[in-house]
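One protein chain, two forms: both are listed below as structure tokens, the first as structure 1 and the second as structure 2.
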Structure 1
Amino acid sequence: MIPSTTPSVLMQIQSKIQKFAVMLSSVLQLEVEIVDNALFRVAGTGVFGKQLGQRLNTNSKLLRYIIETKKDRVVTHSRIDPLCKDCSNKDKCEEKAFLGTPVIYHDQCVGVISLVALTYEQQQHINANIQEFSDYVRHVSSLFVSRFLQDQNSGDNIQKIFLTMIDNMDQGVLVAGNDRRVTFANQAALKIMGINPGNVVGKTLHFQPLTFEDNFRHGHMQHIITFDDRKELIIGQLHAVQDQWLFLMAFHQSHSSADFSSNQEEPQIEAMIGECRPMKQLKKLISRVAPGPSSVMIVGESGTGKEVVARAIHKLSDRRAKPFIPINCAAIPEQLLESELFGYVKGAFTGASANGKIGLIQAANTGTLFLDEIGDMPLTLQAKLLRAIESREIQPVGASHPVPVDIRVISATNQKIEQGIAAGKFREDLYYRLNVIPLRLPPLRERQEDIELLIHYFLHLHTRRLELVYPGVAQDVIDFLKRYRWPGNIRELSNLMEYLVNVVPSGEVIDMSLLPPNLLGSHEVAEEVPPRSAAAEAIQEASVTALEGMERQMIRDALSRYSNKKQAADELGIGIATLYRKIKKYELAGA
């Protein structure tokens, strides 16, 4: 509710400032809170979007400090900062980091814009960009105050400020309407795509994500962006902001050599990540056989994702709303496997539950039963399983009457069942019952085209799960991993990516130095990259030093000509945040 006293200058334009807060939050990927100089909450996102118009009564020492001093305030680690010392809510505080910037109007502080980190990833995001965020928010806050307060009747101000914010970013950004027609592209986006504004503004874009997991809907993903007859593979995030779409490109782009010009109207099966020829053929086959009731046997090496395929078949079948029961035949001790599969009745054996137990086959009734590592099933149970499939009924241990069941069986193995049949370890009649539709899952070494796609898939998965900053990947790392033979298949690649996101410095690029020594020295690599000679290394180092010297001098000259750093950045053709980073790198603060 709006306070009963005379509204502050910010509260008078509260609805516009709320829109501004939402846009700023989307652009910087942080929560935003805006208060006026009387500590009334004018706008906010997330948890700060509640109780708008109400006064903050407690724990506002940070905000009071900014209002009184008219200075920025950064808290990189809440709770241990001196200004947090007397906070009564310190032990329960969910804010991990804070950056507050005063809003100055006619030399008075009329409010505070706060960027708040609530997750570890956001905390690192603030800590790695303190100066850039502070300068950026101060710049755009002066814009929105001057434009909003001096001309409140113009309805285009919010859009102008939004585009100004985006144009000052080093991160590539595309803005599109609800019809996906591009209304704006900043310089960073144009540079990444290698085009000029006339090539994309006004064009309708189609975004096709190459991963389909729901939890990646708002994270970094590889997207095929299609417009006219062009296809671009860009890593980024797609967000709905107000009545527009915002595509935020990742700082680190990876240029895949995969061919995405082929027909994209192929089956898009969730969690089955792959665009190589064998995977496309497998997806087509799965989409054809999934709706039927026939048994399926998936053959593939350990770690290739056989259960992922089984679940995909279940989701595409008429049984999708019914149970999917997975059983690893190699993981359950032989003496327990029968009772686990078929269940038992009260008093069936010593130690049995007083109420009996429903078996996993009966639990899968009307649904799908997935028997992993079927080649390890004991011969005695194979006969009972065959009878259950043929008669559609099971006999729990100790029961006098069979129980009808309606199941579809999907089995999987990494063994050559034919050898087990020849050795008398697997029933031939059961094999033919299970192998009605055989599916072969290719090992990762046969899916070289998918390596880069899978690298980014697992980077997305693990950075979001661990709340870490999404890193880039050096091209020589990708080339090396494409040559690696992957004896552990998909599981090994996932484990490697989890290791790398834990050891790479926040926001930086994964390079060869971070790869585990056992991987670099593995005999599983198809060919070694010839090491560069000491002379070549010296030449490269000299070249880099010379280029840095030239860059330092160009920045010094531009700063000497312009007192306004924004003008200096424009002349150099870089963003203001990049300029500040370069000034810090070359120690030009006094230039």
Structure 2
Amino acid sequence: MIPSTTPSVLMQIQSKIQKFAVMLSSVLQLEVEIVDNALFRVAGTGVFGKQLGQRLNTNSKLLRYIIETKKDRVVTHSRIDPLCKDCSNKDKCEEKAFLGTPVIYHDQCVGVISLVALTYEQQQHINANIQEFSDYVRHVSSLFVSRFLQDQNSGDNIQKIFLTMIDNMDQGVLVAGNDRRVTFANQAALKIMGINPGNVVGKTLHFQPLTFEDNFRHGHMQHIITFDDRKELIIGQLHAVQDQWLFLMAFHQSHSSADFSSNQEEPQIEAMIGECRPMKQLKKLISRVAPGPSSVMIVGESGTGKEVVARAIHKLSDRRAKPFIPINCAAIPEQLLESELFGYVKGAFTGASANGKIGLIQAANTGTLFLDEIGDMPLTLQAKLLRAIESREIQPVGASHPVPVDIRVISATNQKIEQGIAAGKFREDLYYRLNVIPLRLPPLRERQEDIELLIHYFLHLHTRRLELVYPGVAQDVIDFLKRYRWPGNIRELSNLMEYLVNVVPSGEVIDMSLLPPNLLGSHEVAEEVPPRSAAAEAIQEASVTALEGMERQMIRDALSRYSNKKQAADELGIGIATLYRKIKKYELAGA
């Protein structure tokens, strides 16, 4: 028999630690390796993502030193550094710089998080920020680890966390017993309901959800809360927690009740969050044009929600019960795009399937065809597409007769298509056909008013998905994020919130200390210089690259884990179409 050994504390929460490593690596733009105090590799990104759960096969004097002394260790120029002198792996080592930080739990070093530079840029990056990185990693890792270990080890702690959380929350919370009698209402809840504790504590509550279960995933569920003869329409989530009920009120009561249900003038578009003027106008426009047959072209930067809008239009149209077929024109190789779009008949060409194939345009018959990245469609196909739209019929490859089709075309692009027209890469006549109703999605930096709302929306979404406790957010974090330029738009905000709900301790507040130093760096300087100066522009540039770097790394990691791109896209929470475009943009292998 193999003797059984208890896994180390980090190994017990290995999958969580791995996720943490991936997120940390993307926000810091460095490779991450996490080992436990017996030098088993618990987690890693890139080349360090292999052989998880196995003991390292180097002599790792460096790591042992960190574990024994609980001190950071940095190697700024590997190989020539004296610390590397006796390393058995020295000749093969690809590491350019290394920063190891102990993970402390109950005063013990339970492992080491290493930030590793494999490129010259990363090396510079570590060298320029040694102390910031080290402090930051120490801080977030101890929070992260202790949260999961405490969650595992003790029920008492959960109750404590629970109460602290409620005490500190800016969010309205009602706690009720099994019998639905209120045991506690925090200040925020009292304020939202406009009552004193005496009006509610001890009263029996009735919760009546207003929306369908299906909508629950997309945001706060509205409830009518009744007690005595009072009726309150409050947006929030009802959670059964052991033998108690917890009603977590949404932060944005007024917004939400006005715009998600009672206001009949506003279109009800699920999962399209935005209350700023341009978004309100856009929603109105969408609801006006959705029922019609006209072609819509959506233009907006990456991550602004083009696909969300396309789906909303389809949902609000008479075609909602019919197929919505998205095609990414940039993702499909030119030689395949024609048969994908138009289909082919049997024997059309060598290698064609014996039964022929229905094209995506035909598959969208009576429904909506969503042509994403339309600017990347090759010229030859543009001619064919134009013919199909004008004549309402398509000619499958090798077919002798055209097939009639009834489709609504929505296209999207993040480039200025006019430039493509000027350069002779895009047909002007097709452009006019597709652009009957132009919709422009504003970048997030022009939607400052929406940022707070979106922060809470995504916190809600990710806490629910990950079954974590809804955290508070410090005001200075909100102020900072409002000023940030969000080159990756809503997707980037969503990614950051997902990361933050993972690192914030249960029931606590997301404060500035949790924001990645890359972002904070740009903030500190930005406050001292007037906006729009050359320096401010340079800073904005820097944060653009920082976040793009983060995105690139996340994508690269997902691609290394999955050979199937759909799975990789699912894990990243992006559409397959976007994945392909990003692969191209970041010149990642495997496009």
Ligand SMILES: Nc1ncnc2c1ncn2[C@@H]1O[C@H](COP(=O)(O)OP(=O)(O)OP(=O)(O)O)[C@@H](O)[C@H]1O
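So that the term is clear: the rigid core is the largest set of C-alpha atoms that superpose within 1.5 Å between two forms. Numbering runs along the sequence of structure 1, starting at 1. Bear in mind the structure is a predicted one, so any value in this text is a computation, not a measurement.
Matching each structure to its source, the form predicted alone turns out to be structure 1. After superposition on the rigid core, the Cα atom of residue 277 is displaced by less than 2 Å between structure 1 and structure 2.
After superposing the rigid core, the Cα of residue 130 is displaced by 2 Å or more between structure 1 and structure 2. Here residue 305 does not count as shifted, since its C-alpha moves by less than 2 Å between structure 1 and structure 2 after the core is aligned. Structural comparison between structure 1 and structure 2 after rigid-core fitting shows the C-alpha of residue 174 displaced 6.8 Å.
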